[in-house]
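In the form predicted alone, a lone chain appears below as structure tokens.
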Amino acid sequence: MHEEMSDEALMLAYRDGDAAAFEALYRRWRSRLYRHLLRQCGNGAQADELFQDIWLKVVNARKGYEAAAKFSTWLFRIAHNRLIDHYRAQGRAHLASYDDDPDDDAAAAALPAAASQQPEALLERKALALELVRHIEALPAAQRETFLLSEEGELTLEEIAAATGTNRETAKSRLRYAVSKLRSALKDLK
């Protein structure tokens, strides 16, 4: 039943006391929100703390929720404000660690892997990923946030503008500059 409902309808149902509606919202948005936070603050422990704070704010704000904007815009606006508070309190963190997933060890023990799974290919892909992360981290904060909201949050320009408190044209310019800088920085990579 909940799976067919829109995010806004789920939040309104949660506001009215349907705890299962919150669980459905959480399942839909947890991964995108967490990835966004991890890439913004660059530290797993800090991302975990921010993630919990944001969901706690959602829970605490449920009584006053009105579907004036998309739920995703509202959620990422809360995340944006919490990140600003975090930066003010602690400053920018160092680059996140993108170590191999523990499950990768089991795959490595398997019999002959495909060419794309050979150690050299895996190492090259990891180096490319780290290079991309490094260039994303080097973007100015506003451009980085806009890029991550677009890519990780899958928000539209209108939703990004609402979440960051800017207008659509500003969000569009920030995204265009971020993509242009990343393309330029990565053009020589294979």
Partner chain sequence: MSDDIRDEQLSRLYREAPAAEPRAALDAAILAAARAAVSAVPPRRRAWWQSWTLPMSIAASVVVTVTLTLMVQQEEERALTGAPAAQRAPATVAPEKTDAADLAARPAPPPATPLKQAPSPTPAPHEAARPPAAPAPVAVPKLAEEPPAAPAAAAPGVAEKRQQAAPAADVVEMRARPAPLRKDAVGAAPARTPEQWLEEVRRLKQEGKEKEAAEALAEFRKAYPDYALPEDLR
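Numbering follows the first chain given and starts at 1. Everything quoted here is computed from the prediction, not taken from an experiment.
The discussion below concerns the form predicted together with the partner chain, not included here.
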Three residues, 129, 156 and 160; all within 4.5 Å of the partner chain in the predicted complex via heavy atoms? yes
Mark residue 186 yes when one of its heavy atoms lies within 4.5 Å of a heavy atom of the partner chain in the predicted complex, and no otherwise. yes
So, residue 175 and the partner chain: in the predicted complex, are they within 4.5 Å at any heavy atom pair? yes
Can you check whether residue 38 is within 4.5 Å of the partner chain in the predicted complex, heavy atom basis? yes
In the predicted complex, does residue 55 have a heavy atom within 4.5 Å of the partner chain? yes
With the partner chain taken in the predicted complex, which residues across 18-39 come within 4.5 angstroms through any non-hydrogen atom? 19, 22, 23, 26, 27, 30, 31, 34, 35, 38, 39
